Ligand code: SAH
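As C-alpha cells, one chain now follows by itself in the form predicted on its own.
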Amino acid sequence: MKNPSQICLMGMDRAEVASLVENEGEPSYRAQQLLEAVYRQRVDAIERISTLPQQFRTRLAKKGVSIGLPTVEKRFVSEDGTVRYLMALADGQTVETVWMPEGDGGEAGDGSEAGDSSGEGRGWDRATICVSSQVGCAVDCQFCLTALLGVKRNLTAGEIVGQVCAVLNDQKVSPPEDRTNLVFMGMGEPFLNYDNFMKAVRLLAEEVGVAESRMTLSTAGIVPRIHDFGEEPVRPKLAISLNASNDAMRTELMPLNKKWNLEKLMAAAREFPLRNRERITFEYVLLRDVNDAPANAREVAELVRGMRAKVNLIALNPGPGIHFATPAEDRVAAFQKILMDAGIPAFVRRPRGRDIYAACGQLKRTVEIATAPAT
C-alpha cells in the first residue's frame, strides 16, 4: 500500500506543478513535461518519466513525490462487455469505477456531441466511464446499494482523476482521439465534495483531454450547489436524480427532499444557465408499483413542462438489501409514451453490467460475483 503522506502529482494543477518545479530549481519547461507524463502519457511511476533527467527523477522520488494512480485491485467483466473496477486508494479504502464500451444511452438527446455521436465503428466508439466522487454515499436513497455503505470520506481531486486515468490505461484508449464520455454517477454525491470534484473536472478537461461537453454530473438535488455549478466557467452537463413525481413520494425515497423539496429543486433547475443546444437531464428510477404509474408520468410531465430538458428512465437495478422490484418492460414503455406524448423527450437507459453489480445504483464494492470472472 502506498504511503498516504506521499506527495501525489495526480491531482496537481498547472500552477502547483510549476511551483514544485521552481522549488526544485529546475527550468520551467519541466512542469509541462510532468503534466504530459501524468495526465496524457499516464505513467505509473516517477522513474518511468523518460523526458526528465535521471537526477531530477531520483530527487523527486527521495522526497516522497509519487504519481498517485489508484491500483486496480479487482476487475469484473460482464457478459455485455462492461467492466467494474475495484480501485484501491492510498489509505486502503476502495471505490468503484465502471467502463461501458457502448455507453448506456444516457447521453442520448442531451444536445451535446456526446449525445449526438452515432456510435458507429469500434465497439467503444461511444465508450463511457462512470466515476465515483466519494467512498460510499451520505444521501441515503432507499433504492441504491451504495447508500447501504454510508459515507466514509470524500475523494481528492487526484483520486477522482486517477480513476479515469487508470481505466484509460487498462482499456488502452486516449482522449480526445478516442471519444470517451465521463459520467459522475458512481459512488457518492459530487456536490457534497464540490471543491475536489470541480478541480478534477478542470484537470480532466485541460490536462487529460476530455471535453466538458463529454462529461455529465448527476446530483440528488443539492440546491445551493446547483446555483454554484451554473456559474462555473468549465463544467459538465447537469443531470438531476428526480425519482419521484411528488414531494410525499420523493421524501420517502430520497430523504434529502425534506431539505430541498421539489419546488426548490425545480426552481433551481429552471434558473440553471444552459449552453447552446444543451438540455438538463432528469433521471428517474422506476420502482414497480411505487412510482411507475401513468399518474406519476403525468406529474413528471407537469414538473418538466416548458423546460429545455429530457428525462432518462431507469428500470430499477436490483440488489441484496433493496426492497423494491423492477417494473415490467411494458410498464416502462407506457411511462415513456406518456412523457413523449406530452412533448417531453424521454429515453430508457439500458442496464449495463447488471450481472456484475456494475449498473446504476448497484455500486457497493461487491466482490463475490457468481456469474462473472474476476481478474
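This one's a predicted model, so the numbers in the text were calculated from it and none came from an experiment. Residue positions are given as counts along the sequence shown, with the first one as 1.
Only in words, not in the display: the form predicted in complex with the named molecule, which the text now covers.
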| query | finding |
| --- | --- |
| Among the candidates M100, A220, V304, A157, the residue which, in the model of the complex, approaches the named molecule to within 4.5 Å (heavy atoms) | A220 |
| One residue of W260, F143, Y194, F272 in contact with the named molecule, assessed in the model of the complex (non-hydrogen atom, 4.5 angstroms) | F143 |
| Candidate stretches 236 to 244, 162 to 170, 294 to 302, 201 to 209 - the one whose heavy atoms come within 4.5 Å of the named molecule in the model of the complex | 236 to 244 |
| Output flag, M185, E189 and N317 jointly within 4.5 Å of the named molecule in the model of the complex, heavy atom basis | yes |
| Proximity of M87 to the named molecule in the model of the complex, heavy atoms at 4.5 Å | no |
| Partner proximity in the model of the complex: E278 to the named molecule, non-hydrogen atom cutoff 4.5 Å | no |
| 4.5 Å heavy atom contact, A127 to the named molecule in the model of the complex | no |
| Any non-hydrogen atom of E283 within 4.5 angstroms of the named molecule in the model of the complex | yes |
| Heavy atom contacts to the named molecule in the model of the complex at 4.5 Å, residues of 290 to 313 in sequence order | none |
